[in-house]
Ligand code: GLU
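Given as structure tokens, the chain that follows is alone and in the form predicted alone.
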Amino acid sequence: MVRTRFAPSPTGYLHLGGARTALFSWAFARRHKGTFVLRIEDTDLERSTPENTQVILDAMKWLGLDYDEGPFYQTKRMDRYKEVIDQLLAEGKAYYCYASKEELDAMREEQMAKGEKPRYDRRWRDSTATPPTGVSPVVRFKNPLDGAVVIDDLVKGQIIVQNSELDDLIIARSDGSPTYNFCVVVDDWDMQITHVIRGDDHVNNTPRQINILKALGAPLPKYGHVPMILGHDGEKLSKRHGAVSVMQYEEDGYLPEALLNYLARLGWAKGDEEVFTMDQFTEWFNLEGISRSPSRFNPEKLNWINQQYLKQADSNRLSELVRPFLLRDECDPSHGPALPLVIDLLKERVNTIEELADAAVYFYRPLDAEPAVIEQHVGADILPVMQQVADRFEAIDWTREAIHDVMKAIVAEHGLKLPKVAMPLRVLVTGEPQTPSIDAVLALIGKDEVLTRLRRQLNALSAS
């Protein structure tokens, strides 16, 4: 049975690369009706915080990447790691190393002076010397001295690493705490992980971990290393390329399913399919479809995909997402037209929830147009026409059709084209030069509010 895992370190937020790795691991498990495990690798006690852990859990929940087991925390498994370290020591597969920091520094300087690759020289590997007093040793794994590690990587293809290139890895620090590469091995063994899907920044760790697994007589998982995500300029993705924290995308008004869809297409393809559900993705997903080359993050493409999802989304659901943005913008959506109706009118014109909220503001509080916009669209010659529009609006039943009929009649009476009436009306009532069809907008804002805004603006312009 397939068992995958996502194992973030809570030393910061969950970034896009981590989210994509989680998505691929999740989808692979779902595709094969397997188990997806969440593991929190929190052994870096200085940098791992409960707050960072919670951010990761919140991001997984927001994305909808549900895990079957976990979260498991490495800090709660210390007794198990010590047990396995003791086992390796007892079997002669690990040893105590008493080399001081000063000795190691001198050793590396000497190697570099000779043009050699700096590495531990295994001086304590088979030493019979008496350990120095007052020195707390580290524990090192006895890496094989000859042969090679062959990795049939499910994404990158075959990777061969000579054991002569690997030194004896520290598996326990001088204070007894286990190191990252060792904890990962024990966790993957105990949790019966069959497939390790992770970023290719871990490629160098894999041969070391495989050798430890072999020494323990543990089954080897299959490995697939996913290339990293770069910025649009080909540089490593960073804050200057836009938001990189997953939860920042929620704050900026993206839908989780849109972000998942975008991440799925970032380095993986199913023909020309661009927009698809997670059910479709899990049905189609395979590791062979992952590109071996790094992907480039494209904010415009993400916006386009988010726009497709907004168009299809239920307006009642979008209302709940838009409401906090409006309240933050001093708009109370409980006073004014029904928010789902406003969203129906606007959602095909925006890329994000935040843009949707910005576009909805004028439905809930008056906005004054920029003077240049007023000057462009509301000349002195059009003020009497606008006054006539207001007078006619007073007398009608407030429907979109009736509003349109008034505008159509006035256009005909004055020999104008429709924009010569529609644009000034739009600017005076909404404060914006661009909106959906003005008759639909006015119908939603409501008769009393439209007339109040229109009269106020006309009076101010007449006085000036």
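What you see is a predicted model; the values in this text were computed from it and never measured. Sequential numbering from 1, following the sequence displayed.
Unshown form predicted in complex with the ligand; subsequent notes refer to it.
Looking at 298-306, 323-331, 102-110, 197-205, the stretch with residues near the ligand in the model of the complex, meaning non-hydrogen atoms within 4.5 angstroms, turns out to be 197-205. Using a 4.5 Å heavy atom cutoff, Ala7, Glu41 and Tyr180 all lie near the ligand in the model of the complex. For the chain shown alone, Ile171 is not a contact residue for the ligand in the model of the complex, no non-hydrogen atom being within 4.5 angstroms.
Put simply, Ala360 is far from the ligand in the model of the complex: not one heavy atom of it is within 4.5 Å. In the model of the complex, Val184 approaches the ligand with a heavy atom inside 4.5 Å.
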